[in-house]
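This document starts with one chain, in the form predicted alone, laid out as structure tokens.
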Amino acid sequence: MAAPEVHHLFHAPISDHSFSDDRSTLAVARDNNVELYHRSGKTFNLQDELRGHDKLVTGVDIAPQSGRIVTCSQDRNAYVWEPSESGEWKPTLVLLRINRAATCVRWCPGETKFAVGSGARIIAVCYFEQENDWWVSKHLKKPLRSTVTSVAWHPNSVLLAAGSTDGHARVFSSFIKGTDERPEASPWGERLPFNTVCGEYLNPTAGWVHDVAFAPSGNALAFCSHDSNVTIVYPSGPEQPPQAVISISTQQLPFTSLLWSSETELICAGYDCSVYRLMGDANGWQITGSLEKDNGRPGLEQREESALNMFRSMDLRGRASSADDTKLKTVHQNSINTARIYQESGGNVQKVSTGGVDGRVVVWTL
């Protein structure tokens, strides 16, 4: 396995990050702004800054085909940024109509609309209205009972999954007449008017759901929660009980982000500061290891040895610390906020990227 590519951009948390389709541009949410980095050789250099929000930027996403950038913030606003002829980025305000912070944003695969989660128990599905020449939104409300922490699109650009702090992962229809074509029938449903709830799944301990993701085929849903569980749901048909609901309880700290690298593999990352691989199918799932060289967190023997060294150091030097006792054995030196697909071909993901509280963006080869 190739060594990970580490880009230490700054000493501040990265709320979210996104790469352009050709991977030459990296957008990073830092405080109230979005910084755009351009690849030059093996490094990324700061090229531009998107200023417009006046509170923490919580989400950023670059549309692969059009290159438009969407951002959302705790200031309750979202902007769509498009490059002008002069090379500057021109923002367009989106009418979200929410009274709490926006928490996450993602373009749909068709790039005709995007979804913004919020603390107002609302998901704003935003689309461009040609008549008035602006971005407007329709609200998914019921049965959300708390803050929406994550959103993920089905490959058909109509179904939308959302994770929430009420312990549920839900699948909604976001069908908008005039914008969307009628989707083909799937295990999630056939007739799908706006705000149809196609699935609602409670976490085993009702812990916060941190992230949700559809499988590449769209026929399975995975979500991770604050009780260190990862749950995979295989639907069987509209208004039918699911074919299988598999919940994996891990010994790691909670995962905050997950993605499918193939139909049988998940990549998860979070508070453990490391990236883990899970494999399985409808018959069962298991965690198979870490992408770190030393396989993640130190084992029991290493911990016992470090305790022995600590007491020895206290005896010799009068203090417990050593030169590198603040450095973790992982690539990331703090928790990971987001994992994104970096490179894929033929439906299989070859590389993923992670952004963390330590100001690093790391590209991992699977």
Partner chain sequence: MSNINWRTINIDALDPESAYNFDLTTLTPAVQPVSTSDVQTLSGQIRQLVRGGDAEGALRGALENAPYGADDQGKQIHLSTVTEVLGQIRQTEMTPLLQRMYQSEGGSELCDTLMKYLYKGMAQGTSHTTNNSVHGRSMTPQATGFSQAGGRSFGAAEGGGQAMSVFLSWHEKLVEMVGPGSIVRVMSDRRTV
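Residue numbers count along the first chain shown, from 1. Please read all numbers here as calculations on a predicted model, not as lab measurements.
This protein has a second form, the form predicted in complex with the partner chain, left out of what is shown; the following refers to that one.
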> Quick one: is residue 256 in contact with the partner chain in the predicted bound form, heavy atoms, 4.5 Å cut-off?
Replying inline: no
> For residue 283, is any heavy atom within 4.5 Å of the partner chain in the predicted bound form, or not?
Replying inline: no
> Do residue 237 and the partner chain share at least one heavy atom pair within 4.5 Å in the predicted bound form?
Replying inline: no
> Taking heavy atoms and a 4.5 Å cut-off, does residue 202 contact the partner chain in the predicted bound form?
Replying inline: yes
> Judged by heavy atoms and a 4.5 Å cut-off, are 141, 229 and 252 together in contact with the partner chain in the predicted bound form?
Replying inline: yes
> Any idea which of 126-134, 219-227, 69-77, 187-195 reaches within 4.5 Å of the partner chain in the predicted bound form, heavy atoms considered?
Replying inline: 219-227
> Which of 145, 293, 177, 90 has a heavy atom within 4.5 Å of the partner chain in the predicted bound form?
Replying inline: 145
>> Can you work out which of 206, 245, 287, 215 has a heavy atom no more than 4.5 Å from the partner chain in the predicted bound form?
In response: 206
